[in-house]
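Below sits a lone chain in structure tokens, taken as the form predicted alone.
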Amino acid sequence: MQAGGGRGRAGEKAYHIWAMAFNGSVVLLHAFPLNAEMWRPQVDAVPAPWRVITPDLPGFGNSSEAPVTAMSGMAEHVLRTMDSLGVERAVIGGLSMGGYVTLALYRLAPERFEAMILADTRATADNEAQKEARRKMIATVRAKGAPAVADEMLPKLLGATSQREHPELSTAVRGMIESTTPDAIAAAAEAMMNRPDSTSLLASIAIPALIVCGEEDVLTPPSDARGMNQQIRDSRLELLPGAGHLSNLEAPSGFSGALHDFLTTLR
């Protein structure tokens, strides 16, 4: 999903040596196990003349690429997408798994960043309990398919306020999860399970950063967001009341307002 330009697929191009000009693009990376459609509220709200690019990660949504089992592979996919669209530098960010990919991409190619957005995510690697939960999810999706994953994840993805007051969100999120193939879910779970710890990377981030978190997020709670805010020198923190892990969908006005204000400071 790309605002103003339709949906395109990344070509398998060789990398170029760029002059690294900034052309006002924002790249937003989706959560697990959703797809780029989750960014519709923000695509419609980002101020002109910004160009918004919301790629489907490998195996998700309308992506034509096979699923990958490493965060570095997802980051390389984002670089190919940027190259194919002629985007040399951009404001790059993501929510949850999209945040993990953002940090992997910064580790790989920091020169491609104008600024960073980290939403409802964390820098730490999975601990043993979290890794075991990923293994169980892989077994579940292999045995029972994406609907079983939706049953398991929905109560954690959406905050208590959203579950109580916005049941339509559960329907929309379930639809995105159930449209994802078991292979994509299993591969992404493996990539998240094996991702490196990025805590030491935070102090080296020398660009403006926006950190957003729902106050009702139980998967990556506000304490994680505060920790990243303390370690990234030029960062601002926005906590969104009444929102859980999918804060951009649960508090779209608050999230889009924070994004709008952040982008305005960059121009």
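Note that the structure is a prediction, hence the values are computed from the model and not measured. All residue numbers are counted from 1 along the displayed sequence.
Quick note: we don't show the form predicted together with ligand MLT, though the next part is all about it.
Leu105 falls outside the set of residues with a heavy atom inside 4.5 Å of ligand MLT in the model of the complex. Contact between Ala31 and ligand MLT in the model of the complex is found at the 4.5 Å heavy atom cutoff.
Although the partner is absent here, Arg122 is a contact residue: one of its heavy atoms lies within 4.5 angstroms of ligand MLT in the model of the complex. When ligand MLT is considered in the model of the complex, Ile92 lies well away from it, no heavy atom lying within 4.5 Å. Looking at ligand MLT in the model of the complex, residues Tyr100, Leu219 and His245 each place a heavy atom within 4.5 Å of it. Of the candidates Met116, Met192, Ala186, Ile177, Met192 is the one whose heavy atoms come within 4.5 Å of ligand MLT in the model of the complex; the others do not. Here is the short version: of Ala146, Leu85, Met153, Ile138, the single residue with a heavy atom within 4.5 Å of ligand MLT in the model of the complex is Met153. Of the stretches 202-210, 229-237, 31-39, 46-54, only 31-39 has residues with a heavy atom within 4.5 Å of ligand MLT in the model of the complex. Contacts between stretch 132-161 and ligand MLT, counted in the model of the complex as any heavy atom lying within 4.5 Å, involve Arg134, Met153, Leu157, listed in sequence order.
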